[in-house]
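Shown here is one chain on its own, the form predicted on its own, set out as structure tokens.
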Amino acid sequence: MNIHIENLSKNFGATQVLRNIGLEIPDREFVSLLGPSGCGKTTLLRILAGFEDPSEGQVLFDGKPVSSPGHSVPPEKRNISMVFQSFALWPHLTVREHLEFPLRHHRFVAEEIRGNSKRHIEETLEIVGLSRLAGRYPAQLSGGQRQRVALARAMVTRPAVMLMDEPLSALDAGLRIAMREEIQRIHRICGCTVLYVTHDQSEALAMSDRVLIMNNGIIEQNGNSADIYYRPATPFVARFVSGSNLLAGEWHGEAFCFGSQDRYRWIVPDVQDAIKREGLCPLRPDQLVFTSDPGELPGVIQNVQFQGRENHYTIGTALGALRMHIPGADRCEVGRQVFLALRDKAESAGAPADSAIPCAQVSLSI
């Protein structure tokens, strides 16, 4: 189903939660709404579901208006399914009964599916790996199994649109990663349009055809995962998605000059004009490396966290605290004095590609 959102705004009293949202979502696309708590992403999802009415603008499904200030098609009359953050399972129904219910009551179920409901339910249970648990109740299931029930219930009717409101937030970290693949697989099988609300950057980037970054009721950037991560459109997107450091200075083409009397000059490509106009340079933690060049930016290691394949550093500098992600098991201790360089600059000078120089060589006098 194609979804068209036109000049959509939503007010709760004097508070404007959504501001002039305009968006086109093609049929079968997987789109994530990513942003911090309170940015408006869940409100937008609820308007699409029919649980809230917009204050201005309209929503169209396949060209037909379904939401506007004076007109709202009820949720049961939209060909949608929704997966809630809390799973919203009925404690008195078994797994199989959770799938039987929408097949009996969802008005858009195809006659072929309705006429072969038993076989269709068994196929759906097989897809989500719940065939052996079909007779159990929610209290007898693990968190991951309950999530699979919620997903199976949403997909069993083969809806045109699936709306997901932070469906993995209640799961532990390892299970969230496994369920990402499950949701992607279900999307491929179901062939429906998916709108997925999350505040987890890795979830959105990993699963989506397109990511919408929301902040203060507006969409700050709309693009694929690579564009969002490598070419942020605003300082907020740079900080929120990749955890970029934002340095203040002056731009001269692709050359960024910063520090006292513009002492440092780094060539940083692909920075968007909107960020340059603010005199800022976004540098992801993986773009900074240690160097033995005393002409580069000095600092002191304030904190270090071991993360397996890499170490995460916080470096105190005259420009403020900067974050760095350095691959490898070699670990520099807190309090060590270091010099920082831009990765591409260090590599072009002949330094190793992984971390510029080993930790043992960065204990330099400043």
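Since the model is a prediction, treat every value here as computed from it, not as a measurement. The first residue of the sequence shown is number 1, and the count goes up from there.
The same protein also exists as the form predicted in complex with a small molecule; that form is not shown, yet it is the one meant from here on.
Novice: Do P69 and the small molecule share at least one heavy atom pair within 4.5 Å in the model of the complex?
Specialist: No, P69 stays farther than 4.5 Å from the small molecule in the model of the complex.
Novice: Answer yes if any heavy atom of S37 is within 4.5 Å of a heavy atom of the small molecule in the model of the complex; otherwise answer no.
Specialist: S37: yes, in contact with the small molecule in the model of the complex.
Novice: Is N311 close enough to the small molecule in the model of the complex to count, meaning some heavy atom within 4.5 Å?
Specialist: So N311 does not count as contacting the small molecule.
Novice: My question is simply whether V17 lines the interface with the small molecule in the model of the complex - judged by any non-hydrogen atom within 4.5 Å.
Specialist: Yes.
Novice: Just one of E203, E296, E166, E220 has a heavy atom within 4.5 angstroms of the small molecule in the model of the complex, so which one?
Specialist: None of the other options qualify; the answer is E166.
Novice: Go through 57-65, 327-335, 39-47, 314-322 and give me the stretch that gets within 4.5 Å of the small molecule in the model of the complex, heavy atoms only.
Specialist: Going by heavy atoms within 4.5 Å, the stretch is 39-47.
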